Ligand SMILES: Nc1ncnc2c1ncn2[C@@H]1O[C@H](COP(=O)(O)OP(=O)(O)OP(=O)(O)O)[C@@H](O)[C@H]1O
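One chain follows as C-alpha cells, the form predicted on its own.
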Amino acid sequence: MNPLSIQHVSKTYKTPKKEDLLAVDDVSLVIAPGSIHGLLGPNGAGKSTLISLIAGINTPTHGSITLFGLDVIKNPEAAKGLIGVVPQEVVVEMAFTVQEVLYYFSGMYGVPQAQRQARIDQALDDLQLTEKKHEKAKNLSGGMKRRLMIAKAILHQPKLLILDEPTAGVDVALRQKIWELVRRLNASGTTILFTTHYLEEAEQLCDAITLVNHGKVIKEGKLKDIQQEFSKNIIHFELFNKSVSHPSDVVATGSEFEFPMTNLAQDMNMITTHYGDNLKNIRSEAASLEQIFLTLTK
C-alpha cells in the first residue's frame, strides 16, 4: 500500500476582490513505500499548499488524497495519526521548556505513558537538544527552534514524515545532522516527503522527485532516470573565469556550462584546448538537479 496517493487534486482560493487563485492544478502524485521523495519547485509553485492538503489543514477543491489507503477527508483522525509534519514556518510553544513541549505533544499523539520519556530522550538526542531540555522554547535560537519542530514531529514514530524546508536557516553542520537523521529514519522504515530550495540536498537524499511550477506537475520520476534524460549528448564543465569568449553552442546553466556532444573525444579535446588552464572541471556524467530545475522552470 502506498504511503501517499494524490489523484487529480486542485485547490482554488476564493478572493473577495480579485480573481480566484488556483494554487494547485490537477496534481497527481504517488509516493512509494520506503522512499525519500523530493517535492521541488520555485517560490509560489504550490508546494506548501499541497502539504497543507495532505496534512488535512486545508481541503481540496477537487480530487482525492489517501494516506496508506485512508481518505484524508473521510478519515481525518486516523490518517493524521500516521504522519508527522514539520511546517515551513517556525511554530513553537514559547512559554514552555523544550521537555515540556515534547511531553505535551507525545501525549497529544497518543504515545503510551510508559514510552513517553524514552521517546522524548531519543528525540532530544537525535536533534542535539538534550542540553537545552530545561530551556524555555522562547529562548532558543532559530536553528534550535527548527530542531524542536522536527523532534515534535517524530515522537510518535510516523510512517510518513513530511518536512517543508527542514534545513532553511540552519548552519551547514546542523544541515548535515538533519540529513543523517532523515537517512536513519528512512532506513528504519519511515517514508519521507520533503521540500527544499537546496537542490544539492535533494540530490544527496532523494530516490525520486516531483517538480511543480504554477501549481502543476512538470516533471516526476526517479532522480537517476531524470538526470540521465537531461544528460544525453551533453558535456558539462566549469570555469575559473567565466568572462571569456566561448565557442558557439556553449550555454551557461547556473554555475556550469553545457556543450551539445556529437563526438566525445573530439568535443572534449576542443573544450580543453579552447579554455586551457581556465577549465575548472569537465565531465559527461549526469546533469545536476540545478541544471534540470533551471531548464524546466525557465
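The first residue of the sequence shown is number 1, and the count goes up from there. Worth saying up front: this structure is predicted, and the values here are computed from it rather than measured.
Beyond what is shown, the protein has a form predicted together with the ligand; the following relates to that form.
With the ligand omitted here, the record of contacts in the predicted bound form names 37-45 of 241-249, 37-45, 267-275, 254-262, defined by a heavy atom within 4.5 Å. In the predicted bound form, the ligand sits within 4.5 Å of a heavy atom of E165.
Taking the partner from the other structure, the ligand in the predicted bound form has no heavy atom within 4.5 Å of any heavy atom of T190.
For T49, a non-hydrogen atom is located within 4.5 Å of the ligand in the predicted bound form, even though that partner is not displayed. For the chain shown alone, H197 is a contact residue for the ligand in the predicted bound form, at least one non-hydrogen atom being within 4.5 angstroms. The partner is absent here, but in the predicted bound form a heavy atom of Q88, alone among Q99, Q117, Q88, Q128, sits within 4.5 Å of the ligand. Residues of 21-42 lying near the ligand in the predicted bound form, listed in sequence order, are L21, A23, P42, the criterion being any heavy atom within 4.5 Å.
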